[in-house]
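Given as structure tokens, the chain that follows is alone and in the form predicted alone.
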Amino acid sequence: MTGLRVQGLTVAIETHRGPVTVVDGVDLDVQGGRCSALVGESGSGKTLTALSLMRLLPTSAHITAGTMSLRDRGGDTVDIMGLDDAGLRRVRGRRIAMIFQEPMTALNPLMRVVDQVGEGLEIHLNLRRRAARQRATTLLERVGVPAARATAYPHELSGGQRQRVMIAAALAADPDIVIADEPTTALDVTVQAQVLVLLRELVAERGMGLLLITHDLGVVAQVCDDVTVLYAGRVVEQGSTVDVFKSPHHPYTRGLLASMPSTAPRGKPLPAIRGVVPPLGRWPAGCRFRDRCDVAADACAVDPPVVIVGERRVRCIHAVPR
């Protein structure tokens, strides 16, 4: 079975104070035919984690520890950490692809969208330009962009159509794993629902693994099989979406779920987690959530271990359901 396994991923950013760890020991397991979610507030490290998996970090950031291995449909395992630039070019788009957060900054404004989708087919599948264009047009139609719009430039398309072009470009070379970074953030509710249904259909149809990066727990409930909750660069809870949503074990997960408008008591103020995510590298000693946690105790000043509760992994000494 295809899959992406990440163990102990640690990323540091160079600052005027020296290197600061921003992603700390993250473990992920994205399996073919399933959708996994990575959730958390802004500043939790979600996007940097996603960029690390593609080895697309900015020059000020670098991976300091961890392993990343990709098992493809042929049964071969690729050590992503061990790849040089040429190896990465062969893997990106062909084995692992990414749907970026903002299409207008990711798409080339000077290229027609059919050519942008076809580019991956020419590079990875060695198709000639005409054949690549034909296949790209078919793929664009599959994701909901009419053939008549295939020759448009990005600025001539709506936000939903541009997002669909991004999906088509990511799927062009039939990758084993697709990483989607906030793919529906800029879309209205109706288009968002359509894109989510499309992604779920493509996971089932192609047997690919999907890692969905989002802060929207409603989206996770709709689409994902399992969920990883990230806070201040660390995984605080991992498990199946059904289990985590039904019975969250970590206080942070409980706070996120309680703050969803759909779960708030009618006629009462919307619950919120007090405070904000601490700045990078200025996390409190011990549990990084303790300054915002309603059940924090003196023992939380010591770094909490990862507790296994059934099939759940929770980083908290209060790892019990509520």
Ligand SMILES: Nc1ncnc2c1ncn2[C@@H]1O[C@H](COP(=O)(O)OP(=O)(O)O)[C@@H](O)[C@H]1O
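A quick note: this is a predicted structure, and the numbers were derived from the prediction, not measured. In case it trips you up, residue 1 is the first one in the sequence shown, and so on.
Keep in mind the form predicted together with this ligand is missing from the figure; the text below concerns it.
Looking at 253-261, 40-48, 62-70, 285-293, the stretch with residues near this ligand in the predicted complex, meaning non-hydrogen atoms within 4.5 angstroms, turns out to be 40-48. Put simply, Val307 is far from this ligand in the predicted complex: not one heavy atom of it is within 4.5 Å. Residue contact with this ligand in the predicted complex: Val22 places a heavy atom within 4.5 Å of it.
At least one heavy atom of Leu280 is located within 4.5 Å of this ligand in the predicted complex. This ligand is not drawn, but in the predicted complex it has no heavy atom within 4.5 Å of Gly275.
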